[in-house]
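Okay, so we've got a single protein chain in two different forms coming up as structure tokens, structure 1 first and structure 2 after it.
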Structure 1
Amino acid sequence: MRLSKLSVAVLLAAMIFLFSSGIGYAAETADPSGMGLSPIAFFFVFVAICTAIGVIAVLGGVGGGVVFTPLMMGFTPINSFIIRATGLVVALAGSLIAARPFLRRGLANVKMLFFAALPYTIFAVVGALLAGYVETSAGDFGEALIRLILGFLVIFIAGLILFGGKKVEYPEVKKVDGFTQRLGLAMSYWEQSMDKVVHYKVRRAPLGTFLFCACGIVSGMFGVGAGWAMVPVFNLAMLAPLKVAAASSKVLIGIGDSGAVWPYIMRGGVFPLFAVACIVGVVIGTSIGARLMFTVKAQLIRWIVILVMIGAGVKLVIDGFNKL
């Protein structure tokens, strides 16, 4: 099955409509003392919203959390610590469900995963602890700072994907450095769309290690999956093919964020009424998106990610300045 650009655009438009109408419905029915929805209505509204988020996120090769957290922080009044905690749970759940087909097809590079998991996990945990420190100690200033930094980061990475890469779908690796060579990260996978095996090498593993540390901090602190940052690290810095980068980052989110989410849970920041609705929605959306991913062209995926990230990033920057 190969979907046309038109059908994917229609699907995307429907998802965005679902998201905006869900938030709109929630906002319209809110009363001054609360949301104005019954708990069960709230649950289903957020299932619908998060289904839309799940589809968009997985098509972009990023975790649900990276779309969920900026959108929720930008467009709902819910406390940002709770959103970031839930964002990690959402990213995690979406990643764990989506990881299976990527690993069974060999699309995710397992050696690259275990190599990147160490710096990413350690620094995701550090980021979660920093988030807890800001929540308990820095007050409104900390909240404004988190929104500003997250907003600028989202816009920066969108710009990086937009302007930073040529031949990103299948980057050409001319020379592999000694360290990366010794790691033996070169692998191959079956590319269904071309009906052939793609053999690929990667390079710059030391730079990748450093960048995965930064991705971990961002992920743990801001409650985002960081697939948005890890796809460029795998693809632009280490020169892995785009689909391998997207699949590997998706699986890596599940590993690293498992370490980061527990400090949030132990702090009481995850509320089942909100979190379960978001998990269920993102998992449904991720399942739909994962099926579409093998048939959608990588170029189109990039544009979906870029648009979503710029929109949410701008809103967060505005919110951050308003709160300063």
Structure 2
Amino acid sequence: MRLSKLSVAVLLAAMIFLFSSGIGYAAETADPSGMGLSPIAFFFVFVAICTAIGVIAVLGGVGGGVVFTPLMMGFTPINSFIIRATGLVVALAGSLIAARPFLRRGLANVKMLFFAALPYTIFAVVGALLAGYVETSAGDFGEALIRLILGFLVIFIAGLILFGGKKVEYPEVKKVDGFTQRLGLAMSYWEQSMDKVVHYKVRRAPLGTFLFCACGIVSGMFGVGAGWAMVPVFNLAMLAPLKVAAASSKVLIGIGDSGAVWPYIMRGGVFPLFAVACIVGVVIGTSIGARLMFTVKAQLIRWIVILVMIGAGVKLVIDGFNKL
């Protein structure tokens, strides 16, 4: 409990610092959002918007970044580079909140995290660098291309949610390849629902390495987080139990995106007032959503998330073609 209170105090102190610096920066710039709002109004408007995003994302079973980035790019005049940078910050904040209980309970496989963190982080940084290159070198064509690809990607993710890709709660691993065996990725955790310790093995680490590279590129370049992709990699490609896959994916986002956000920061993509408002809103929304999970029909929210993502994806595709 003491650690939890200390963490909250540190987070609040950081937010107060960023908020104060953000107000000063916003006051010196000529309405960077293009929305005609004062800094204070801007802050509270986006706290409210991101609170709603946080609630919907939790109830819909997706990460906040997957909903945040396409919505902001499709329906606000804010620069897309800033939105993608903030999407990474939002995904990072959500991951850091979830990491502690997942690691403490042993759900997140630390050995797999060490293995996956290197390819995912390196290619997330590469993706972020590519985003910066497109922003500065490709002009309107690059912006149109980003919107088109992100639009199709978001529609694809909505399709995955709609048709519910195959998931295996406890995959059966009959044989482990030599490379994975040498890595020693097998672990165990306490499964409270069965009141016993679950021992498990994983396999196909080489395939996992390639897929984590792809996840990193997508996350770093588009700022959507990659939990939607990494859970199937852990669960279906490497055959980790579903709970372990979900927990490890959430923690891995915090590791990889903390590196990917730096190219955005160095290019001025993280606007403090916007980033802090979105973090506060998503954290509040996530907390509210977690409480509502027991009373609200998740199926209805799932359909809302699907429709919102398809709508945002279609809007991005239309905007991309118009810019071309």
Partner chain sequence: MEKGKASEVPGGGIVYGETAYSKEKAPEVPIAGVIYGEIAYWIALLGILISIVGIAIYMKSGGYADKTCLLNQLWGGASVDAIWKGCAGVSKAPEGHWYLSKLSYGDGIAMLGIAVTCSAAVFGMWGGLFGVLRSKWGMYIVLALIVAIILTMSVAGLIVIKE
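Superpose the two forms; the largest set of C-alphas matching within 1.5 Å is the rigid core. Predicted model only: the values in this text are computed from it and were never measured. Structure 1 provides the reference sequence; residues are numbered from 1 along it.
Looking at the condition given, the form predicted together with the partner chain, one finds it describes the source of structure 1 alone. Core-superposed comparison between structures 1 and 2: the CA of Trp190 stays below a 2 Å shift. Annotation for Tyr264: C-alpha shift under 2 angstroms between structures 1 and 2, rigid core superposed. Annotation: Cα of Gly139 displaced by at least 2 Å between structures 1 and 2, core superposition.
Relative to the superposed core, Gly151 has its Cα moved 3.5 Å between structures 1 and 2. Here Val314 exhibits a Cα shift of 5.1 Å between structures 1 and 2, evaluated on the superposed rigid core.
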